[in-house]
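The chain below stands alone, shown as structure tokens; this is the form predicted alone.
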């Protein structure tokens, strides 16, 4: 336990000194406020820009608060995930490549404590960022579009945070298994590629870990498939545990590959 506390402290200090815990939440806040503000003032922006054909009219669909939160989630699912993956995909592999890890491996060390400390700090930064992004989005959504049912929103947020923790487990596990470039490529293929694939054929699949974000958004509606939601939640939880175990195993296996 003492090793874990020391490693956690080290990772937290590194995140603070590199300003990850500051600039990543700021990115999510900007992503969160962009959709409610842009959609609300889109017609005014078009009129201000001018040069529209005479007689041109555009009828904007009436958006609900759930639609705006879904749009913000789409931003998190694209730009937000890429930022998180790019930030944490080298958290273990980069230390092995530049020789920093030798300072840890010269003494007996728990590979479980090593992996969990890096994963938990990555989750902490990611969770703070997502909560900040949704808080910004929710503020302008309620201000411009109307109220949101808090119980539904909290359920949606909790489910989406599980998805974020899964993505961080995949990212750190790939970092433990491969060099940074390979880890980044595989993680983006699995996460972003899987998300795109699910959006294309998702209507034919009811159970998939990539459906967890859409399952989270379904909680904002009074009508959702409870059985499919529980199955997707259980599958994602199982994968989360699998990638944690895989990451710990790969930390131990690849310790000897550390550059000196």
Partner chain sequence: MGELQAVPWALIAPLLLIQLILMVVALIDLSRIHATNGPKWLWAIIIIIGNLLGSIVYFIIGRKQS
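Numbering follows the first chain given and starts at 1. On a predicted model such as this, the values are computed, not experimentally measured, just so you know.
The same protein also has a form predicted together with the partner chain, omitted here; what follows describes it.
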> Thinking of 26, 87 and 144 as one candidate spot, does the partner chain come within 4.5 Å of a heavy atom in every one of them in the predicted bound form?
Replying inline: yes
> Looking in the predicted bound form, any heavy atom of residue 37 within 4.5 Å of the partner chain?
Replying inline: yes
>> So in the predicted bound form, is the partner chain close enough to residue 83 to count as touching (4.5 Å, heavy atoms)?
In response: yes
>> Check residue 140 for me: does it contact the partner chain in the predicted bound form (non-hydrogen atoms, 4.5 angstroms)?
In response: yes
>> Is residue 241 near the partner chain? Define near as a heavy atom within 4.5 Å, in the predicted bound form.
In response: no
> Ok, 235, 63, 30, 192: which has a heavy atom sitting within 4.5 Å of the partner chain in the predicted bound form?
Replying inline: 30
>> Just to confirm the contact call: exactly one of 151-159, 122-130, 87-95, 176-184 touches the partner chain in the predicted bound form at a 4.5 Å heavy atom cutoff, so which is it?
In response: 87-95
